[in-house]
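The form predicted alone is given below as one chain in structure tokens.
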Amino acid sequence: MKASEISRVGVFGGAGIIGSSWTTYFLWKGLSVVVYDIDQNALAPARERITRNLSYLVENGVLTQEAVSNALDRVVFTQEIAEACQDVQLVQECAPENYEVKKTLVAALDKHGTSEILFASSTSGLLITEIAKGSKHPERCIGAHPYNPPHLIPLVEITKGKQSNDETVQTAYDFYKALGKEPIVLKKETLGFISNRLQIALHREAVDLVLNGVCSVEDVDKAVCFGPGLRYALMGPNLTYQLGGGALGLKGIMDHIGPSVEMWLADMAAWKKFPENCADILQDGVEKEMANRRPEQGRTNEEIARWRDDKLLELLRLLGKIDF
């Protein structure tokens, strides 16, 4: 199957935050979507969430109200898995992070769908080999991990299992790329993929600094946001060091600061389990941080999420990833 042939997508486990966001994006880009979830009570809130997401894009000049009306005409919500498997070319699976749940959905697609349908899991770090284990068609199973919220953040990490074929990977890559995403392909299957491993490595050190009394939760967030975070919005760590090394480039700066950095590394966190009570300590710290925010930046989860989305749209415009 060619990427250009994908016009209808099934979003399995689609009533949650990630599923609703994926659905928003697919509708925004002109596709038809069937949203499946086992929980009937979750489908109505999902429709409301998707409608709010699309309306938000209208408010910010990204979509017209007519486009939203047309988009909502292209989405179907169902509690019937057989219906969700019909006439779709790709399944974007967004079920809970549980191997057995995801395997059940793979088996349902085997039973009710054709062998040509691509199965793309939104898993945050589970192995595709295990998810596809027992499938009649493991070659069509891949990972396609988004970053939250998927309808605004372009990254998609494509992972393949031991039996995934290269054609499936290429089709998925072409599909997401054509929609305006920034897909990357892992050369080797690994837990947590790329971005989550980088994020967790940073967070481990952030937690350790707080627990050791070096700084507050709020100051950790400020250090990331107003330091490397600003650069990371424009370029990754390797290109950042390339510029930092001047004429000598990345190698030059690593040679120059290497001995000093090795002293830091020896002193940095290396624990493999979160320390006891660290979640409570961090929660208390982040609530104080939220209370200290300027009113226009938001002080509740909902207010801060809205502020975040506004700023993400501005960044996407600056990076040429979205038209206003």
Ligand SMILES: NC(=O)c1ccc[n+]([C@@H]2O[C@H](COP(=O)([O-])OP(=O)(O)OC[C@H]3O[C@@H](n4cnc5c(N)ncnc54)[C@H](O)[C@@H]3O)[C@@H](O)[C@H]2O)c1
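All figures in this text were calculated on a predicted structure; none of them were measured in a lab. Residue numbers run from 1 along the displayed sequence.
Keep in mind the form predicted together with the ligand is missing from the figure; the text below concerns it.
Although the partner is absent from the chain shown here, 95, 101 and 123 each have a heavy atom within 4.5 Å of the ligand in the model of the complex. None of 68 to 76, 115 to 123, 158 to 166, 241 to 249 except one has non-hydrogen atoms within 4.5 angstroms of the ligand in the model of the complex; the exception is 115 to 123. Shown without its partner, this chain lists 59, 39, 267, 284 as candidates; in the model of the complex, only 39 has a non-hydrogen atom within 4.5 angstroms of the ligand. None of 142, 105, 84, 152 but one reaches within 4.5 angstroms of the ligand in the model of the complex through a heavy atom, and that residue is 105. The closest non-hydrogen atom of residue 212 lies beyond 4.5 Å of the ligand in the model of the complex. Proximity of residue 190 to the ligand in the model of the complex: non-hydrogen atoms within 4.5 Å are absent; the residue sits far from the partner. Interface residue remark: residue 148 is counted as part of the site for the ligand in the model of the complex, having a heavy atom within 4.5 Å.
Although the partner is absent here, residue 9 sits far enough away that none of its heavy atoms falls within 4.5 Å of the ligand in the model of the complex. Residues 13, 15, 16, 17, 18, 19 are the ones in 1 to 35 with at least one heavy atom within 4.5 Å of the ligand in the model of the complex, listed in sequence order.
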